[in-house]
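Take a look at this single chain, the form predicted alone, given in structure tokens.
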Amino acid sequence: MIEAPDLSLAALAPLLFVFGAACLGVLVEAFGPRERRHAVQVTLALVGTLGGLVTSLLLAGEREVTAAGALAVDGPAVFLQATITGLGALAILLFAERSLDPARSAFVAAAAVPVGSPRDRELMTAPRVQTEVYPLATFAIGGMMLFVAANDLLIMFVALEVLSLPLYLISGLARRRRLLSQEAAVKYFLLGAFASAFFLYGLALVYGATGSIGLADIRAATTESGSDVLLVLGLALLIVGLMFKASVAPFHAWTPDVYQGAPTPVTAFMAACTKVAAFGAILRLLYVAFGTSEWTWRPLVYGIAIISMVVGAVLALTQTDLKRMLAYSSIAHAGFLLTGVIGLSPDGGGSGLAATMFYLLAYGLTTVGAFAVLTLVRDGDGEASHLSQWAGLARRSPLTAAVMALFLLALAGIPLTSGFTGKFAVFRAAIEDGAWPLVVVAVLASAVAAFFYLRVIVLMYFSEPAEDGPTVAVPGLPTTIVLAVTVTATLVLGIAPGAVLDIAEQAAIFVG
């Protein structure tokens, strides 16, 4: 007789909210009248994400394993789920802003129309937009939430696919530069398939070595029998699959092309939420399943962190497109985040975990804000992403330039911004763990990275504007809300971060 697993509906409430909204969105696409779909889809997506955020906050302090041990509801899972839903709600607002004016919409009117055909040119100015992006994005958010709470490798793999497949689709839905967008989507899909294969093969090897896919059982097996070659190979393949989603060098090849080709609101969504989800899974895998076998992964993560920081900082110097520059910036920040991973204690808690979670929150908010500003600076072909087009922007729109400068300074880690607090926290955790050489490399990489951030600020304030320069659009209510939230958070987390750091410290305990 098969017994039904114990389920805690309260613990699953955030996931139920988000996945429920996504399923209702699919029904609206199937049966709802076209003229009403957009408003309904925006409402459903926001209700789902904000409902997930509120229920996640209500679960603060909970520590339990549910769904037959497949899901863990603990401090890191709840903190990261709240972060993902909050950032997801901001991204949904960016989707909605761009769809209010079809002439400025980021999304294609009909995805199945061949690029360059007469019908495609006709739809460029059509008052139609793809509303499928809302349930797809909501499914991706649900997959990310499941990813950070997965307590066994099979659920983690399912969550990886649930979050990835919608992203492959919405990356190719740009209204303008459609060939570039579709090329980015194909590259993302192909490389993502390789990463999923690595993860699945690693799962099989770990199961062969330990006889289990549960993270706690794997940890017990490694404690009893030690680490053999099969287990180490499996762990290495699992790390490769997760590092791909986190856009960590040398597994970053998809990142610049996808960031540049995808619709800018989608790029903001991926840059913020996907990185939070990927690092949440990395933290859980390394410290719940392999926390007592540090020697098997610490040298690997140490080396990957250095490579990612150096590659991201150096290659960003050569970029002339702002979206590609931010892509390489995200690769460098992934390396900075790995310094916090190194600083976790063997029992899966400590200041390194709290610092990493705080950094993910701060980086996500700043990144969403930076891409929100980018959507406002436009030319005849969409967003003006070439650096030369930002020359003299402060004279055209002082407020827009000031907001962008704030986000760039935060990404550079300048004091009194959230970026400085996040970097200081992860660097301190790494130093306390004895990884000071890694921190030295990180500080040098931060100094190099500061150059390309400051280069944009110098262009905006100290260069002459071009006569045929881009225009700065007046933000609608959704983008205004996004900018208000991200600017406030960037300043508050830089000037008075104590309360959020305390919350992260209290949440920095895994259960498994």
Partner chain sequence: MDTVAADGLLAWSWLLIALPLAGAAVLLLGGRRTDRWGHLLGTGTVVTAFVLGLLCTLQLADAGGRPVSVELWTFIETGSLDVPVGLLFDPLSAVFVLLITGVGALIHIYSIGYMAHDPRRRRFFAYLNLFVAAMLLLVLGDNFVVLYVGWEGVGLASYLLIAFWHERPAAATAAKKAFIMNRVGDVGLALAIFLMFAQLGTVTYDGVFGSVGALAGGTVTAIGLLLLLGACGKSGQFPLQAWLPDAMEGPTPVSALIHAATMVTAGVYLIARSAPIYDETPTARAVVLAVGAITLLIGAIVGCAQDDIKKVLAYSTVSQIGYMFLAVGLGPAGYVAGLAHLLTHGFFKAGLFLGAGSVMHAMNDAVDMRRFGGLASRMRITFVTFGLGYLALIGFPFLSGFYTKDAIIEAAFDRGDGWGYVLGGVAILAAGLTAFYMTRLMLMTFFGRPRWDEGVHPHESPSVMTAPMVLLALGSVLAGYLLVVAFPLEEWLVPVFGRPEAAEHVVAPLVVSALVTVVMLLGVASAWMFVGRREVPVTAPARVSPVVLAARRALYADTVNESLFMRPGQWLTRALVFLDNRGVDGAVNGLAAALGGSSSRLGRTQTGFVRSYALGMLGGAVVVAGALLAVTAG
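A quick note: this is a predicted structure, and the numbers were derived from the prediction, not measured. Numbering follows the first chain given and starts at 1.
This next part talks about the form predicted in complex with its partner chain, which is not shown.
For the candidate set R176, R378, H386, R428, a heavy atom within 4.5 Å of its partner chain in the predicted complex is found for exactly one residue, namely R428.
Note on the partner interface in the predicted complex: the residue among A484, A466, A450, V47 having a heavy atom within 4.5 angstroms of its partner chain is A450. Remark: F462 counts among the residues lining its partner chain in the predicted complex, judged by a heavy atom distance of 4.5 Å or less.
The closest heavy atom approach of L58 to its partner chain in the predicted complex falls outside 4.5 Å.
Though the partner is left out of this view, L501 does reach within 4.5 Å of its partner chain in the predicted complex, counting heavy atoms only. Contact check for S446: a non-hydrogen atom falls within 4.5 Å of its partner chain in the predicted complex. Contact with its partner chain in the predicted complex, defined as a heavy atom within 4.5 Å, is made by all three of A195, W297 and L300. Contact with its partner chain in the predicted complex, judged as any non-hydrogen atom within 4.5 angstroms, is confined among 361-369, 333-341, 309-317, 263-271 to 309-317. Residues G494, I495, A496, P497, G498, L501, D502, E505 are the members of 477-505 with a non-hydrogen atom no more than 4.5 angstroms from its partner chain in the predicted complex.
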